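Just the one chain here, the form predicted on its own, laid out as structure tokens.
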């Protein structure tokens, strides 16, 4: 087991913690208040943030999409430069945090296309610091280094990773989740589940701490996710918000081989058909697991027994039952598990594969053995 774990984000968790911005943001900082469609102005979060920032110089940029567009981020780059911004404060869900982390680098690039530079891994030596006030638990973006951005002109959705962009701090106040609708709550909990499974359901390794932690997170999400959707109680908000953060902050993936093929295929589906990110994953994940059953049997069987309490002695049968239980959970959360369940959309395997090829994502999975032909077979299973 070998790994180099970088996890510098300071987490401030709990009710009323938005007021801590006064401590976390330097008094002299010129701040960009960065947000999405405006819900923070309706639910009171905007007022809490601006009150906590006090007399600091603040510029604003709103309108970040659910799947953030590169073109919109370029507009934000102009605002950053004109106002000599020193800190980007993301207020919203994972999409806003993703866009903020990308913006932190893109705004520092002049004389070249930031997309091309960052896609090639040419990150600027100095980038802007990012802070987050999270209002939707799902992606863990508030304390990881990844940004997933959609380039509308090129019809591509692509993940970028830059450790320097990992947020300096993140405020997680479960009270901000009160105004979320049922679909948002379901998407958040489901997204967190898929993050754990992409890191956990690969190949056996000498990582009992990571595996045990993954299993605990899954048990929490399977117990509290439905409660979060159904009644949005204070306890459910707290447990799902914390579990979603821990699902993708680097800890459970340290020292283990990871899959992420479901996410890459899901990114293509979202980019092409404008389907919710979480639902693009539930459409595909079970079929990826069935297609890779032989290679994943050991971990799927362990997952079934330890998390779902399946007592079947045969590993292959236990693994198959674990896949069925996972898909049943997705359906309980109101998410589709087959392409045919999405009305009004004609999915094209050719288009999905073409997206993966444009993104250079043609060797997927923990063994890098899922190529275009295999993706087509997975899509057939998901039909």
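Small disclaimer: the values here were computed from a predicted structure and weren't measured. Residue numbers count along the first chain shown, from 1.
Not on display, but discussed next: the form predicted in complex with 5,6-dihydroxy-NADP (NZQ).
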property	result
Listed residue that, although 5,6-dihydroxy-NADP (NZQ) is not shown, lies within 4.5 Å of it in the predicted complex (heavy atoms), from 44, 38, 54, 26	38
Position in contact with 5,6-dihydroxy-NADP (NZQ) when the complex is considered in the predicted complex, options 283, 73, 248, 221, heavy atoms within 4.5 Å	248
In the predicted complex, segment of 226-234, 134-142, 250-258, 208-216 with a heavy atom within 4.5 Å of 5,6-dihydroxy-NADP (NZQ)	134-142
Any non-hydrogen atom of residue 93 within 4.5 angstroms of 5,6-dihydroxy-NADP (NZQ) in the predicted complex	yes
Contact label in the predicted complex: residue 297 to 5,6-dihydroxy-NADP (NZQ), heavy atom within 4.5 Å	no
In the predicted complex, residue 184 touching 5,6-dihydroxy-NADP (NZQ) (heavy atom, 4.5 Å)	yes
Heavy atom of residue 180 within 4.5 Å of 5,6-dihydroxy-NADP (NZQ) in the predicted complex	yes
Residues from 187-217 in contact with 5,6-dihydroxy-NADP (NZQ) (non-hydrogen atom within 4.5 Å) in the predicted complex	191, 195
